[in-house]
Every structure is written in structure tokens, then in C-alpha cells.
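The chain below stands alone, shown as C-alpha cells; this is the form predicted alone.
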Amino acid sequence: MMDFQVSSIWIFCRVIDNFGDAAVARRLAKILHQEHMAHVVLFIDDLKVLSHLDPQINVNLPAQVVGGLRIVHWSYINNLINHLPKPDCVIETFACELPDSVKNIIQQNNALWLNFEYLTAEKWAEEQHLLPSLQANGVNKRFYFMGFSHNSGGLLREKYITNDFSGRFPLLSQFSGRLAIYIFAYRSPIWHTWFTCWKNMNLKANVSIAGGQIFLPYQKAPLLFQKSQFVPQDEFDDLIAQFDVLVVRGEDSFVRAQYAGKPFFWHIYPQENQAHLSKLHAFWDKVYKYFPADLINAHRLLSDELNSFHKLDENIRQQCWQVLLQNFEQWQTAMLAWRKFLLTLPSATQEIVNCLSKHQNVKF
């Protein structure tokens, strides 16, 4: 399909969930700019968080251009918006409330207004994808839901992932010698429990812990623990390619783990009344279609324990890990099959460009 060129897209982000919100917003902006030739402005309220993802960003500059992207601090919006090219599309990430001045520009410019929502595999999100919501200013805002089916808005995906994937991510048919485990997760008592379990199993593993929320434990041979330094977003794919098993959190790293085709667990952001579990189960129910039955049970039990659904008996926990590791090649084959399916879906940015083309009824 031929790409459309769009002239101007404004993206707005307020940072709530650690690095996750900023990571999604930056990746969205970067792909739209680099692969769809859009002039992109990213308005964000936390330059410090963004600078961890891209060290070229100067936290002291309220407006700057980095890698072709114009980055503007939220507090500086009204100083600058009248001097920028008017937007063809405004993307409000994760229901951040736009300033009235921006809403007025949307109305005056007949811009496509998208509310870019959190990623979920739940059925209701597919049903609500691109549905309009009439706002007080008479403009329709459309809800955009990324997802894992052709009825959703797809996932953020660069062209290199589809075109030259095997070169980017060398595959490991099975681990040899010592297992390499990468953990980028939230603070939780589960880590002491799992580390103890691995030690009791006499698991030979190098465990790299990232993100600053999990304290580096005392060495428990044959386990070797080390701190994994935070890397810029553009280096994350290469980092996780070095590991056999991943535990990831947030939204951006969650998707990158799937593209890596690695066996992994998702430490989902916890919500009140365990509302996160519906989202967790909806995702894994899709992936488990590629799993052998015995691996489904072992993985589900451990995934639910990781995400505070239950606490397993010590023997059952150890048995689950043994099933996964003794059948590691099958586990990885299942994740590679899931990745292959994901690559059949349209990318989220191409879908956004298509939406804009329909909105304007003009092919750029």
C-alpha cells in the first residue's frame, strides 16, 4: 500500500505511568515523522522522563527540535501554538485533557481529533475503536484503540521489524549453560518469592534487573544478579535480544517483548479491585492459542501469581517453572508464532494516516 504524506500532526502527552506514557508518545511521534513524512510536534509535561528515552533532549529548553521532532513542554503551549503550522490531526494520548486553545484550533482547522487510548486486548476496545464522541465545541473526537486483531488499531511498528527482522533479533532455539533473564518490572513481594524458588530449583541463571523498582538481592548461587542500566528507547530492542526470558512492564516494553519473539511475562500496571486482571487475561487468552496445553497451565498460574491474583503453593510454583524450562523450545516456538501473527496486522501509524486521508478525503 502506498504511504500517504501528512503535513502536520500534534501529539499531546501527560506522564502518569512512569516511562510508559512518554515511551508510547515518543515512538508514535518518531514513526509518523520518519516513515510517514509528517511534521510532528510532541507536547509533553515531563521533559526529564523523555530525556531518559532520548538523551539528546535538553530538559531546560521548553521548545526544541530533536531528530526532526519538535518537542514542546506543556507549560509552553500557548506561547507557541500560533507560530506552528496548523494541525491536520491532533492526537490526545491516554485521555489527557487538551487546553481550550488547542480545542479551538481543532475546530477552526477541521483537524482529525484522536483520543489514543491504553493498549488492551479486551473485546470492548475493538467494538469502540474509532467511534466518535461529540464534544462541546461541536467536533467529533474519535477513540483510537491499538490492539491485537484486524478489528483494532494495530500496534506501533517500524518498517525494519517487518522487513529485516531476523537480522535485528538473533533467535535462540534453546538456552545453553546459563539462562539469561531480563526483569523490567514493578516493586512487589513476588520477586523475593520467585528468586527463592529459582535458588531452590538450583537454576543456573544470570538475572539482569532494570528500572529501579526492584532492589538487587544478595547473590544466591547458582543465580547471578546484576543491575541493568537504563538504555535509550532506540537501543531497547538490541538490549532484550540478548536474553532468553523477559519480564516486562508498561506498554512500550510489553510490545517490544512480543516483537522480539521471546518467552516472557507481563507485569501489568496494578489497578484497584484487580481491574487489571481482565486486561491481562484477555491478552494471554489470545496468545495461548499458540501454546501447548501443559505450557498454558504453567504459564497462566505463574502469570496470575506475578500479577497478585493468587499465591501459589511452593511445590506448584516450582513445578510450573520446571514445565516451562524443560519445554523451553516449545515456549519460544509459541512466542515466535505469535510474533508472526502480529506482523500480519497493519501498523497503528499506517491506520492513523489512513484515517486522516478519509477524514480529509484527500490523498497526500
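Note that the coordinates shown come from a computational prediction; the quantities given were computed from them, not determined experimentally. We number the residues from 1 along the sequence you see.
If you look for the form predicted in complex with a small molecule, you will not find it shown, but the lines that follow are about it.
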### Task
Considering the small molecule in the model of the complex, find the one stretch among 177 to 185, 190 to 198, 155 to 163, 124 to 132 with heavy atoms no farther than 4.5 Å from it.
177 to 185
### Message
With the distance limit set at 4.5 angstroms and only heavy atoms considered, check whether 144, 151 and 355 all reach the small molecule in the model of the complex.
### Response
no
#### Entry: the small molecule: the contacting residue among 117, 88, 244, 251 in the model of the complex [heavy atom, 4.5 Å]
251
### Query
Quick one: does residue 232 come within 4.5 Å of the small molecule in the model of the complex, counting heavy atoms only?
yes
### Task
Could you confirm whether residue 11 comes within 4.5 Å of the small molecule in the model of the complex, counting heavy atoms only?
no
### Contact of residue 343 with the small molecule in the model of the complex (heavy atom, 4.5 Å)
no
### Message
Please tell me whether any heavy atom belonging to residue 23 falls inside 4.5 Å of a heavy atom of the small molecule, as the geometry stands in the model of the complex.
### Response
yes
